[in-house]
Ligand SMILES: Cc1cc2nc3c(=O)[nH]c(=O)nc-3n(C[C@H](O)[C@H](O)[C@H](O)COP(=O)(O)OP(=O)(O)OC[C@H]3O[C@@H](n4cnc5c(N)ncnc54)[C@H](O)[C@@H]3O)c2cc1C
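As structure tokens, one chain now follows by itself in the form predicted on its own.
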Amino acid sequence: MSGNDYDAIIIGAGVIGGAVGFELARRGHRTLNIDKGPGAGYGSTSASSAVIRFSYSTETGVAAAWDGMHYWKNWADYLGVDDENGHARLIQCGMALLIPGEEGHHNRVTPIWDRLGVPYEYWDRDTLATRAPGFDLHLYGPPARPTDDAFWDDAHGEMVGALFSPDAGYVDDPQLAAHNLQRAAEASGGDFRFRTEVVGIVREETDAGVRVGGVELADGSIVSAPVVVNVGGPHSSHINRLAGVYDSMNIKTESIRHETYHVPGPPDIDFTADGFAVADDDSGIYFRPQPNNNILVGTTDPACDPKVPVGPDDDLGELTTDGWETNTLRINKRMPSLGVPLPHEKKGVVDRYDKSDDWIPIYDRTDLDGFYVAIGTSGNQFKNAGVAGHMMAELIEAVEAGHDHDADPLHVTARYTGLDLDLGTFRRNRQINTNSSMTVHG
């Protein structure tokens, strides 16, 4: 095999890692995905809220998300193979981005949606009241916690309205989506190894300088490849240190603890059938329908909420009472008919986010030739799995063929929409993007 076991090794088999493996394998590369977990999507992917939405702060971010939706809409056709477990499904319930006032995130979003042709409806307050009859449309923000007196202040105004994207929604089974990508990659010749830990990145001297040569595994064995892609999720910073590229990257990633909550839906509305996803920056939460008239609630990570760094293998414990009470009270303000679930009824998921300094992912090469990164993706990139795989495959092939991505950022044509994807947006050495919302809408 020309001295190499594989053409490319992908560290990680979550939804992004699986997509990178599939996209490279379908192009004829011999790929290996390596993951510490017991199967595809058992890490952060399995805990994803899997919201499909387009309310990003950058034009490339919106373009990627809009194109990414089409992968999910055409998921079975995109994969081209059956899965014995079935296929993940896109539930297009739509999403409302609430507009608290004249100033807000919607002002960044609407011009981009107009330029790129992303469909949306503007709902004034009366339309929002009709479409969301159980909502309290008063303003209580900026977001606060129940331990802050401001949380209990009376309303100080009324919601202006909302932007509604009818094509938005959520994927019903995130872990199954990762398994689907595994099966698709395998059908194209890709291999997967689970319960396998990477403990070192091999560096080789060549006539052109030092480049990656493969990975060292915990059992002491070496797997060789001229390309290694770090898609390690919460382990990404550790893997970058193993490769010796962590300090040379201007944008860093860290693993933080994150909770999402499952609460019963309103008694007077079938929220599963008639509800839609909501981004509520006034309250500091997002929420979406769940099966059996339940609601998934997540925090948008406003400034008042703690960001708790955790090691990639730390014990995360149970849902916290503080987080549960804070976010169930937040959604109860917006939907008063929910009632407030009791503390002992806590339901939800605890996991990790692999977040970058500005919450924008890093899809890039590194200073070690042949070593690439698709990191900082937790919290807002599940929706972009397919397009991220496409972008990374295009980037890897271009750079390995001699393109200087650092000097001349690669532009990729989106598969379904034909939009321009400027990969300079996701570079490791960009300055922190102050136009990023610094929040998560799922």
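Start at 1 and count along the sequence shown; that's the residue number. Source: prediction; values computed, not measured.
The same protein also exists as the form predicted in complex with this ligand; that form is not shown, yet it is the one meant from here on.
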Report summary line: Answer key: of Leu32, Ala47, Met69, Met391, within 4.5 Å of this ligand in the model of the complex (heavy atoms) is Ala47
Query raised in the report: Exactly one of Ile295, Ala96, Ile285, Ile239 has a non-hydrogen atom within 4.5 Å of this ligand in the model of the complex; which residue is it?
Result: Ile239
Query raised in the report: Which among 158-166, 99-107, 124-132, 190-198 is in contact with this ligand in the model of the complex, heavy atoms within 4.5 angstroms?
Result: 190-198
Query raised in the report: Taking heavy atoms only, is Val412 within 4.5 angstroms of this ligand in the model of the complex?
Result: no
Query raised in the report: According to a 4.5 angstroms non-hydrogen atom cut-off, is Phe382 in contact with this ligand in the model of the complex?
Result: yes
Query raised in the report: Would His235 count as touching this ligand in the model of the complex under a 4.5 Å heavy atom rule?
Result: yes
Report task. Classify Tyr372 as contacting or not contacting this ligand in the model of the complex by the rule of any non-hydrogen atom within 4.5 angstroms, answering yes or no. Result -> no
Query raised in the report: Would you say all of Thr58, Ile360 and Ile396 touch this ligand in the model of the complex, counting a heavy atom within 4.5 Å as a touch?
Result: no
Query raised in the report: In sequence order, which positions of 259-274 have a non-hydrogen atom within 4.5 Å of this ligand in the model of the complex?
Result: Thr260
